[in-house]
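Next up, structure tokens for two forms of one chain, structure 1 and then structure 2.
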Structure 1
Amino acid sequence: MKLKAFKKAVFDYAARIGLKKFELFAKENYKFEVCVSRKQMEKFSDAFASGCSFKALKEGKSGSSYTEVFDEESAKSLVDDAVENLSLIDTSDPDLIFEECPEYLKIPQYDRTFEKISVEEKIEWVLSMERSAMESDSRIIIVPASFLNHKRSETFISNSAGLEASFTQGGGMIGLVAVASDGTNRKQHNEYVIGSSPEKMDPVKIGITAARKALEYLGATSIPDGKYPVIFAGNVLSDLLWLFFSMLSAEQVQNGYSLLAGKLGQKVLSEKITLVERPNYPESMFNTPFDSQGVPTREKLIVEKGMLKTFLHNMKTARRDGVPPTGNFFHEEYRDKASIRLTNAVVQPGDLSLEQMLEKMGSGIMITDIQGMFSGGNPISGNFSFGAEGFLVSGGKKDHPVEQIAISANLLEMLSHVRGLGKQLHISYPFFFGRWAPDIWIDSIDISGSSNA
């Protein structure tokens, strides 16, 4: 049974047994992945999965159920199970469905360009990345992983208030990890390109770039403990901002787990920082016209010149605060518990090239990578401590590579002392939503190194 026919069977049966408010949410996901190491296939996946959830509401309570089978019997079971689960719920915070007639952003549908490339050609892309890295320099001793993956997600939502909408999003990523050795030391670097289309992805260039950057880190040493002026590469700024993004959830704010509670309309970051959410951003894999409740997404200022402009809301948190929902409540999979998050987060760029920023700073440290992103930071306090590596900056230029250091600070305090922003945006590895940020120059932070450095 097709999804639309299944939805009709579900809704007809729900109405027949007396339900007045209900919602069907469905997702169809396609994922492809190939990974090669030492010319041998390490991983191959070509998988499709689909399913839906049904939510029944009565007297403010809700019950949910799930299925991956679309037929008449499953339609009845889906509704009956949700009603049974509803009877077990006891809550003082009534659930909701979206009952407006919204206008959604006109977002181009993903055109499945990755799926039009043959499997053989995709495998050759991955092999050519590995070859280009290995052949670029004799000091490249191994490529632990050369990979290509892409995905497509089709989302459908319909409810008893007459809402019915769907969209398709997707894209892919190719990348490589290269390991360099000078006979004494080994260093590795990963390089990747992400986008909604393969047109701008050059496997040979990616392999050569990964190899070159791995070679740059050979001979890295630690530095003495101290306070240093720091430039964070754009990808590192995006990773650090992960702590800030979690603070924006109105649910976290209302539950007392956000450092931003009570600071709406106040200056929380440097006036040099403006953060925008853009649900329709060029080349993003995460463009979406509505969230998993059917609430329209929209472009909005999160932080404007350092001032906090809005929290991110689902329908419940919005009702508690007496504001409209912001379209930021998402299921990653149809069975997953939904969470409040962004679609595409973009830190507006500044006016400095990296070379100009380095020259203005003169001496200090450039951090190009951090470790422990999900374990070294506290989103409630804003404090973090991460392992890091990068380069010593001397005479306004990148100098010696640096490793075995740790950076520690409070995120909000650190981002209140910004000296400059780069003019080029860098995309970061896609964890659930898109993130773009420029290089950023910070006055100084604490760096722990080695007393023997």
Structure 2
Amino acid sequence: MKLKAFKKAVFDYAARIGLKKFELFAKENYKFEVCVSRKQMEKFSDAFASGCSFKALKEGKSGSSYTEVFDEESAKSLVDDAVENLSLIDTSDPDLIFEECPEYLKIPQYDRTFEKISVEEKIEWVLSMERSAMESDSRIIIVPASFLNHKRSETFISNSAGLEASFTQGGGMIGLVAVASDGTNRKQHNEYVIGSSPEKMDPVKIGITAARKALEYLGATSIPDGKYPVIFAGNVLSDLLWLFFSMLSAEQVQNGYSLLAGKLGQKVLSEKITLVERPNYPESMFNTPFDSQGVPTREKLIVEKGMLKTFLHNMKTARRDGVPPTGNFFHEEYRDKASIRLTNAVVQPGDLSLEQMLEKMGSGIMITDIQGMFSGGNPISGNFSFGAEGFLVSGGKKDHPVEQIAISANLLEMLSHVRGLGKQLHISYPFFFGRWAPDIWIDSIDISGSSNA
């Protein structure tokens, strides 16, 4: 049974058993991946899967279910399970479906450009990426992975109020891991390019960049504990902001999990920081005109010159706060619980080049990578302690590479002491949504390093 027929079977059955409000979210995913190491194809994957989730509402309570099995029997159990699940709900806070007539942003759909390239060509891309890294310097000892992947997701949303919407997202990523060794120590660097089109992706350049950056870290040492003036690379700022992004969820706020509760309209970060959500951002794989409930997405200011402008809402949290939903409720996959998040988060750039920023700072440290972003930070307290690496800065220039240090602070406190922002935006690894941020210069950060306590 195809998705369309299955949807009809689900809706017919739901109506037959007297359900008045329900919604169906379906996704068809296509994924391709190729990875080489030591000139050998290590991994090749080409796959397709589809599934859907269903939400039933009754007396304000909602229950969910999902399936990948599309037949008559499964259509019934999908509805029956959701109804059984809602009977256990004891919240008094009613859930809703989207019943308005939506006006969606006109956003170009993914045009499958990656799928138009032949498999042979894709394999040649990853081979040449590995080759250019390995050949650029004899100290590059291995490329554990040189990869290309792309995906396409077609999302379908329909509900009992007559909503029918669909959109195709997609894009790809090419990149590699280069490991450099000086005989005693090893350092690695991951370099990648992400986008909705392969046009600007240059495998040779990516390979050479990965090698150069891995080599820059060779000879890295720890540094003594202390407070250091710091520049975070744009990708690190995006990773640090992970903690902040989760504080923006109205669900977190309403349940008392967010430090931003009660701070709407107040200054929460340095006035140098402006954060915008852009659901239609050039080259992003995360563009979408609506969220998983069918609510339109909108470009909006989240933080304007340090001032908190809005929380992110789904239908339920919006009703509770008496505001319109913001189009920020997403199922990553049909089997995942939907959660509140951004589409594309963009920190507005400043006016300094990295060179100017380094020069103005004079001495301190530049952090280019952090580790443990999902374990070392606490979005509820805002406190973090991450492993980090980067470079000492002296005389206004990048100097010696640094490793085996930890940085610790409270995010909100730290981001209220911003000295400057870079003028160029850097993209970050695509965890769930798109993130762009400039390099940022901050007063000081606590570093634990080589000192004995």
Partner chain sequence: MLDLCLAKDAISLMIENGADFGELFFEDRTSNSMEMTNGSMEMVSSGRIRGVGLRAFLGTNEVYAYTNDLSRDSILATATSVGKALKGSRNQVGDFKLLASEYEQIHRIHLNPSHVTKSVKAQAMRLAHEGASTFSELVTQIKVLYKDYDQIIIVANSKGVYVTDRRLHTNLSVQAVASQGSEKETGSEGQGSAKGIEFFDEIDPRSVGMEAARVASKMILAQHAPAGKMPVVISNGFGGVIFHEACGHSLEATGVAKGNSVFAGKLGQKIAADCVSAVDDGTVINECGSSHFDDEGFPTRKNLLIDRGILKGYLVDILGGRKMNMEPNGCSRRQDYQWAPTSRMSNTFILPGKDIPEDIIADTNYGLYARKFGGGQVMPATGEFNFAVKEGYLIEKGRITKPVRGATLIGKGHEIMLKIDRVGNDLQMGNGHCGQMSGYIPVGLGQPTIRVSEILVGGRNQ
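Sequence positions of structure 1, starting at 1, serve as the residue numbers. Heads up, when I say rigid core I mean the largest set of C-alphas that superpose within 1.5 Å between the two forms. All values derive from a computational prediction rather than experimental measurement.
Where is the form predicted alone shown, in structure 1 or in structure 2? Structure 1 is the one predicted alone.
Core-aligned, does residue 70 move its Cα 2 Å or more between structure 1 and structure 2? True for residue 70: a C-alpha shift of 2 Å or more.
Taking the rigid core as the reference frame, is the Cα of residue 59 displaced by 2 Å or more between structure 1 and structure 2? Residue 59 C-alpha, core-superposed: shift of 2 Å or more.
Fitting the rigid core first, would the Cα of residue 84 be found 2 Å or more away between structure 1 and structure 2? Yes, its C-alpha moves 2 Å or more.
By how many angstrom does residue 11 shift at its CA between structure 1 and structure 2 when the core is held fixed? Residue 11 C-alpha displacement between structure 1 and structure 2, core-aligned: 3.4 Å.
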